[in-house]
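Given next are two forms of a protein chain, the same chain in both, each as structure tokens and marked structure 1 or structure 2.
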Structure 1
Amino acid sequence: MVIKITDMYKNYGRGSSAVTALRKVNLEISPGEIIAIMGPSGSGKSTLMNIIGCLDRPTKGIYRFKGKNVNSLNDNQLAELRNKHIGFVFQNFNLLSRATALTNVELPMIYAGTPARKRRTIAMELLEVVGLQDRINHKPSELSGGQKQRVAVARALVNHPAVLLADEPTGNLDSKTGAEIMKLFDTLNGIGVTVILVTHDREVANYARRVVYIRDGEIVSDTRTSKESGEGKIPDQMPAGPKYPPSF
């Protein structure tokens, strides 16, 4: 089990002004799943994403990540777990505007102190994995929205994360480009990456094999779909190789 959440609550504020964002949340996610967490605005799905991503802590309950009790970790240990085991893809891409695609992918490794030659090799392999080997020296202003999101996906994969966490990954993309990005997630999941999609978009959720729906801070349904793996065929822009994870 990569994620196990037991009787989780999350409160903001205290006393009469306290707001309960999550209540009685129980969730287990196995390695290799592709799961969509859905719900309307204010349902608690973003709060749950932040806790799963170790960006926030629960008020009550237990969160285990690969068997480790996350509640017991200090801030430095949380940061280490987050950096080594969780990849993030956000709606707004979060790319450095003055840096090339290659440098944007290298960035987490620069912070980690990875030698320049090694991080360049890793970044180039990952840009090839997402089909951008011919855009490595382009800056975000020279890339389409879909290409920016592919750079963000490559960056999220640099540390071989146990979980790839995507928050509204197609929110700023047109429907055609959004479908291409979802096929990329599906392809990555097909070769073993655990993917958690946080979304309100049913089209995005259709790529998942399991849909968890949250309303008013509670999980109201947890449904496994009958969809067979492979809905997202490798898009034309994806190379035949190398396979993820790269050979470094």
Structure 2
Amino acid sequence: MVIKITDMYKNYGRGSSAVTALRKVNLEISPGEIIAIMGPSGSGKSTLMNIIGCLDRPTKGIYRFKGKNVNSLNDNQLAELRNKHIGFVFQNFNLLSRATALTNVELPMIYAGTPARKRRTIAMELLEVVGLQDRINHKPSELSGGQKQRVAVARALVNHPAVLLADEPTGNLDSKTGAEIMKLFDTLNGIGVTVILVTHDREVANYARRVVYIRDGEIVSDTRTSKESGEGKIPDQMPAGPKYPPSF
């Protein structure tokens, strides 16, 4: 297992305004999986992603990443884990606005201690993979939404992460650019990268071979599907009611 979450809870705030964003979540993900997390707005998808991405800590429960208990790691150890093993593509890109595309892609390598020359080479290569070789010196404000998203993807990949997390990777994109990004993820998954993505989009979810459905912070279904029969299997309307399993 690359990811093993046991009886995890996440609470926000305290007292009367306390929110339980995740409750009793159990999730196991094997290396090489491609998995989509779906669910209505406010159901706790981003919360779960942040915890899987070691950006946030659970309130209760155990999270093991590659067998290591993440709860016991301190801030610096978490930073190192994020840097070396996890690539995160944020819903809102989260690029440094004053830096060029190239510098943004180099950023994780700066903290990994990669020498400048090597950093440059790798960043250029990845920008070429995402088709931005002619935009390396553009700042985020000079890039389109899809281009920014691709910079974010390139940045997530520079340190060869074992796990790639993408929160709504196509949320801001038109269907054509979205499909391009998804093809890239599919390719990465083909070479063994574990891909976890959050999406509202059924078409996007079709790329996944496993769909986890969350409602009110609880996993209400966890379905595996084969790529061949995947197309069109996810219904347009998810059934109402927490106990009702989605039908495929």
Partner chain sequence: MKLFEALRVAFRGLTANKMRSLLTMLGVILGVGSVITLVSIGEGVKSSISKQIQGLGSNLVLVTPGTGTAGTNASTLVGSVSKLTYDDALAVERHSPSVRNVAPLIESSATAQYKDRKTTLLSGTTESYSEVRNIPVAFGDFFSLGDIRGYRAVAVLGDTVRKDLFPGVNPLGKTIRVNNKDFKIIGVMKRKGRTLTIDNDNRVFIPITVAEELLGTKQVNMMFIQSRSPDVVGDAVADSKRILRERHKKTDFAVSEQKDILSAFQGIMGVLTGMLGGIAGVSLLVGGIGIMNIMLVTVTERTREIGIRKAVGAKRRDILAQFLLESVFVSALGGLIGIAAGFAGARLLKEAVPRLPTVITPWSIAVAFLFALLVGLFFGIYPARKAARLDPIEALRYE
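Basically, rigid core = biggest C-alpha set you can superpose within 1.5 Å across the two forms. Please note that residue numbering is based on structure 1, beginning with 1 at the start of its sequence. Because the structure is a prediction, the values reported are computed rather than measured.
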Can you tell me whether structure 1 or structure 2 is the form predicted together with the partner chain? 2
Between two rigid parts that rotate between structure 1 and structure 2, there's a hinge somewhere. Which of G87, V198, V25, V212 is there? G87
Rounded to the whole degree, the smaller rigid unit turns between structure 1 and structure 2 by 16
Displacement in Å of the C-alpha of D134 between structure 1 and structure 2, rigid core kept as reference: 5.2
Per-residue C-alpha deviation between structure 1 and structure 2 [G145; rigid core superposition; Å]: 4.0
